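Form predicted on its own, single chain, as structure tokens, below.
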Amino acid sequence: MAALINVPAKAKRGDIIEIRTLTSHIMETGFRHTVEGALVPRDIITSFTCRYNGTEIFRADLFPAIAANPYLSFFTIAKESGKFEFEWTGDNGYSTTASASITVE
């Protein structure tokens, strides 16, 4: 699945920066039934993690009430140039990753 990441390309040391992520996923709750009455199996993203130069800075546990194609926004402090790594994991072995770099002056 595709992910859209928005991280500033540059920031000054100590700046508070906003990070925005959007990933494509159907997020099936497991509560719906088919026309025939069979339960549609749950298929959701269950967790999201962001690491900044290898250190976890943000984690979210997601539940069936979250919308399809989940959007997450959070803030951190720009401390040093480096890499943000994003990971989404979920039901049925779902896993996807993305990354973005930042230059801190």
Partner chain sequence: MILWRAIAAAILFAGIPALLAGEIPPDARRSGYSFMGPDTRAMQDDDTSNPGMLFVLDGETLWRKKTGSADKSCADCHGDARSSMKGVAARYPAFDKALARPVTLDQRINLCRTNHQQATPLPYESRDILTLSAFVAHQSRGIAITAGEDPRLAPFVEQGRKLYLQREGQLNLACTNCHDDNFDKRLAGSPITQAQPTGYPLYRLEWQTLGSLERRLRSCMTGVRAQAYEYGAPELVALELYLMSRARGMPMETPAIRP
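Residue numbers count along the first chain shown, from 1. Keep in mind that this is a model prediction, so the values were computed, not measured.
In what follows, reference is made to the form predicted in complex with its partner chain, a form of this protein that is not presented.
The candidate site formed by Ala2, Asn6 and Thr23 is fully in contact with its partner chain in the predicted complex, as each residue has a non-hydrogen atom within 4.5 angstroms of it. Put simply, of Tyr71, Phe63, Phe75, Phe31 only one has a heavy atom within 4.5 Å of its partner chain in the predicted complex, and it is Tyr71. Under a 4.5 angstroms non-hydrogen atom cutoff, its partner chain in the predicted complex lacks Val35 among its neighbouring residues.
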